[in-house]
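The data below hold one chain only, encoded as structure tokens and taken in the form predicted alone.
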């Protein structure tokens, strides 16, 4: 059993991460909640990153099957897989946790090949990790966590960058492991034995109809003024590459792009400086004076998207990853309210269905 008995955890910057949380977990739970409700903080507590790495003040305790949390017993799959990669080649990334535990390289490679085939990423084994899409990297890091033979695997938004088909495949494979999953794609909740809600309230936003005008670009993708186009496809299909290509083709237009890692787009010292007049509409007043790089991944994504609203044409790569389902509707509402033209690469099929047009790669 996993015991969580936290009166309060405060980050070094003074932000309260969790308070008054009492849980008993058994290893087949999904944790849901609004953006900023403490899901990522909980996972970091479970593997000892908090407070051992992040510092701060923890009042309370966590026990993992009777032991103190530590990275050897609890594997942690992060929201941004690029931050976890340690090796150049995929096969090296997968054998690394086994070799760390004393397994010979040849035996480790056989075990890695077995798990890779089960996850249907065997074709990636000889690839360089820096060549992969974010979704492919996410699959590699999940495979690496499984191969670590840890007592528990905690996964932070593991399905955010995966197609629905890959997400369901991963869920089926993870049934053989003890896992705690923090996830905003609550449509997957039914696949887990228990749902832990850290605070989620469904909100409604006005439905606005888009005003689609003339063709403003006719290259890799035909785009009309005021149109919101969703681009969908399996992991590695080329959605991100299409956005980058469009950004180059549309240099004569007022174009802004937000890629999957929002931290790359944040250069200011305060959220207020980054966002400008859109601070209130994106509900960022509470973090207006924070440094953008000190935020959670979901908060950084909201800031990056709000920042790009100063442009007329928006190219958004997985804009709802790491954000609760309320943001899906809020984003579409704001795009139409401000008469933006947008191309959205996404695995969020519910978001895609609400767009004006869906293009499948």
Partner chain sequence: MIVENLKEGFKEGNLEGRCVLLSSLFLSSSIYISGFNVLISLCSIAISAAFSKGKVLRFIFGFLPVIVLLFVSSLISGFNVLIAFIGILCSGALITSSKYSEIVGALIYFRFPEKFVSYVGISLALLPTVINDLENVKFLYGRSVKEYYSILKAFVAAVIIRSLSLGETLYSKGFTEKIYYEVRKPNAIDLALLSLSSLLFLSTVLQPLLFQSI
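Every value quoted in this text rests on a predicted model; they were computed, and no experiment measured them. Numbering follows the first chain given and starts at 1.
The same protein also exists as the form predicted in complex with the partner chain; that form is not shown, yet it is the one meant from here on.
- Although the partner is absent here, residue 53 sits close enough that one of its heavy atoms falls within 4.5 Å of the partner chain in the predicted complex.
- In the predicted complex, residue 285 stays away from the partner chain, with no heavy atom inside 4.5 Å.
- With a 4.5 Å cutoff on heavy atoms, residue 263 counts as touching the partner chain in the predicted complex.
- With a 4.5 Å cutoff on heavy atoms, residue 60 does not count as touching the partner chain in the predicted complex; it lies far away.
- In summary, among the residues 281, 234, 92, 225, the only one with a non-hydrogen atom within 4.5 Å of the partner chain in the predicted complex is 92.
- Residue 96 is the only one of 192, 200, 96, 205 with a heavy atom lying within 4.5 Å of the partner chain in the predicted complex.
- The candidate spot formed by 5, 159 and 185 is out of contact with the partner chain in the predicted complex: none of the three has a heavy atom within 4.5 Å.
- Exactly one of the stretches 81-89, 215-223, 192-200, 172-180 approaches the partner chain in the predicted complex with heavy atoms within 4.5 Å, and it is 81-89.
- With contact defined as any non-hydrogen atom lying within 4.5 angstroms of the partner chain in the predicted complex, the contacting residues in 110-136 are 128, 130, 131, given in sequence order.
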